[in-house]
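Given next, in structure tokens, is a single chain: the form predicted on its own.
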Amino acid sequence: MINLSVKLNDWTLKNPVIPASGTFGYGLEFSMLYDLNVLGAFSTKGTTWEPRVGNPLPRIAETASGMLNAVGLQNPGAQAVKSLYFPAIRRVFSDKLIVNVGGHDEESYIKAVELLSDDPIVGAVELNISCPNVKAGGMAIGTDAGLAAGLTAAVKKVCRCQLIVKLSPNVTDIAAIARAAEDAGADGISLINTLLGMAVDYRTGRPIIANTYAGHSGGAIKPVALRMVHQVAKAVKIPVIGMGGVETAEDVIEFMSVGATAVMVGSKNLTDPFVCKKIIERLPSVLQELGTDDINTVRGRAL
């Protein structure tokens, strides 16, 4: 019997595969394609206290081995998510989920976390201090260890479940940011969010994305993500969730080898909506190839 279950502190996931925030909506569209209960969990679209319409169009562009996005946390707001989306999710998903929370200042983060974390469907809040596509909050907080620690400590006081802090790769020392979040009370770290990038139309010489800059994700960023997950896993004692260019079961094993407890799948959901299901089905065969029947034995092999 192959064991795929992993533990995020006291929360046991049936497997380590988690669709990443911003690539899976609130799960409802994907529930029409396959049974979401095969997933370890999933992370919701970034949710803020107030509704957001997001950034102007165009805000998505394909790249050679990935994509750029500057959606800008478009969402219906925390109150609508709790009252309308959570009941709908419960009808198609029996486990707990991770709710990704964004904000533009400390108060907006606190209000959203306090409201959303009080619902029993939420197993963890993923504190988004790393989004590069908003003018306030997001990456502006996550690139400063002091600001990251201050927000983490403030939110921790009202969070009624595990608090996972999502980090930006757009920093010089990601381990220092991770340690600051851990010291401030974070129960886990997730990384990496998108790398800040740009696309230009050679015909006009103008940026393709209306915001000019956007978050780059997909297979191209995987080596950077692996390096940063490795650095953070060595620096902290709390669980680490790795992501960045994950497309296959073998990628999941690589991220666990550098210290991740669980792994999020992002952009690939947009080109293959069945990818998470395929990865989960493939993992037992990969473990058999490695001569183990427990996925936890591969964690940290590269540390």
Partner chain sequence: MLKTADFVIAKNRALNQNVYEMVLTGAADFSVAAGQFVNLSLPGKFLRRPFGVCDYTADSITLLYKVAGGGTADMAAMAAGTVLNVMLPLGNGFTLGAIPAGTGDVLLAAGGTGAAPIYCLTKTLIERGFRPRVALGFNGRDDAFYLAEFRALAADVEVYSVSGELGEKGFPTRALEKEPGYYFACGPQGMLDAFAGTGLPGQLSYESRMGCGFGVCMGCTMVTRKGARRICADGPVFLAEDILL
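Residue numbers count along the first chain shown, from 1. Owing to the predicted nature of the structure, the values given are computational and were not obtained by experimental measurement.
The form predicted in complex with its partner chain exists for this protein as well; it is not shown, and the discussion that follows is about that form.
> Checking a candidate spot here: are 275, 284 and 290 all in contact with its partner chain in the predicted complex (at least one heavy atom each within 4.5 Å)?
Verified in the predicted complex; spot residues all out of contact, no.
> Hey, in the predicted complex, is residue 60 touching its partner chain, heavy atoms inside 4.5 Å?
Contact with its partner chain, yes.
> Is it the case that residue 71, even though its partner is missing from this view, gets within 4.5 Å of its partner chain in the predicted complex, heavy atoms only?
Although its partner chain is absent here, residue 71 would touch it in the predicted complex, with heavy atoms inside 4.5 Å.
> Consider residue 206 of the chain shown here, and say whether it contacts its partner chain in the predicted complex, taking contact as heavy atoms within 4.5 Å.
Because no heavy atom of residue 206 falls inside 4.5 Å of its partner chain in the predicted complex, the answer is no.
> Evaluate residue 65 for contact with its partner chain in the predicted complex, applying a 4.5 angstroms cut-off between non-hydrogen atoms, and reply yes or no.
The answer is yes: residue 65 has a heavy atom within 4.5 Å of its partner chain.
> Which among 166-174, 71-79, 108-116, 145-153 is in contact with its partner chain in the predicted complex, heavy atoms within 4.5 angstroms?
Looking at the partner contacts, the answer comes out as 71-79.
> Which of 261, 257, 269, 248 has a heavy atom within 4.5 Å of its partner chain in the predicted complex?
Contact with its partner chain in the predicted complex is made by 269 alone.
> Of 86-101, which residues get within 4.5 Å of its partner chain in the predicted complex if you count heavy atoms?
Residues within 4.5 Å: none in this stretch.
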